[in-house]
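Next comes just one chain, in structure tokens: the form predicted alone.
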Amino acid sequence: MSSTAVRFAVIGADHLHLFQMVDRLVAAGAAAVAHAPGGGLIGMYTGWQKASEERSADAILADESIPLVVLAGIPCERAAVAVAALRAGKHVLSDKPGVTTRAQLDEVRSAIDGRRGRPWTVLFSERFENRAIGEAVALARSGAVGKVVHVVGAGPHLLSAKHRPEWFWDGTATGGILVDIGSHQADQFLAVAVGADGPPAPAQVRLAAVGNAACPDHPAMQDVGSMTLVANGVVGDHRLDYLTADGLGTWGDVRLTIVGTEGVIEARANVDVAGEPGAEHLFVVDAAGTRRVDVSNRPVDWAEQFLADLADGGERLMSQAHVVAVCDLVLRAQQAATRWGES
């Protein structure tokens, strides 16, 4: 299967990440040939991908000429579609979170059991789309700051309440704040603490908490969360929230700090507050001094790697074990979470 021959279909159009995913795949040579009806963003999608043909989900899954299904529906609905697609022999590229419950992850595991390569991919876009985050992880893996000791991740988001769909406020639909946006931080933590081959044993959840600090009109909403993770002697402290002030000028101030025995790496994904303009800022402090690292020439090539993996059953982008481990870890953190502010 060559990348230029990969035909894919979209099932579920409820998150804007869909447009980023499809745009990268098409730019890498794949073809958006079909989509299932439904989803809050389907009108926008069909107006953009005019050559995409509307078909039922069953017809898409039965079409042997479509080896890849892209999922960006309501989070709690993605796993069932993924399982059906996997059992139909398809590969799946899902927006995060790929699952919202333990039972869903168990079903996905059963569906991928015995399959070669990485048939089920969840795209953790913070790492694969943001060049500063991607380079920070690569530098840490290369030993640029010695042995990694501590990872600190922050994922503050703008609430943008008036633009959110109804399902956004439902913790059952999203899986909760740690499962949803926390999957980015868990991905980055495991990528640094464990590396490319997946953990030899599950990472541990030391502490976790979730709460509702600023959304009284939506009491089931979790707008703040934290988790402390441990793997291979590395501690990870992670904070997620929807408390970003409107004045920031972007959707959130995502940060990743990696502390090693010989230095510190800090990535600021979206904004360098009161510093340089633009996004994708990366800093390194080591024995040689302090420096800003230019990541402007770093390729965002996850789609090319993904399509190459489809062609030969490889795991260039990340391993199947890593994808499963991230999902498992955030589900355990969400389950273990106490109420925010309570001891």
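Just count from 1 along the sequence shown to find any residue number. Fair warning: this is a prediction, and the values are worked out from it, not measured in the lab.
What follows is about the form predicted in complex with another copy of the chain, which we do not show.
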Heavy atom within 4.5 Å of another copy of the chain in the predicted complex - residue from A84, V235, A161, A138: V235
Heavy atom within 4.5 Å of another copy of the chain in the predicted complex - the one residue of D63, E304, E53, D286 that qualifies: D286
Proximity to another copy of the chain in the predicted complex (heavy atom, within 4.5 Å), stretch among 226-234, 106-114, 90-98, 119-127: 226-234
4.5 Å heavy atom contact, G263 to another copy of the chain in the predicted complex: yes
Close approach of R255 to another copy of the chain in the predicted complex, 4.5 Å, heavy atom: yes
T290 within 4.5 Å of another copy of the chain in the predicted complex, heavy atoms: yes
Another copy of the chain contact in the predicted complex: R268, any heavy atom under 4.5 Å: yes
Within 142-173, the residues that have a heavy atom no more than 4.5 Å from another copy of the chain in the predicted complex: V149, H150, V152
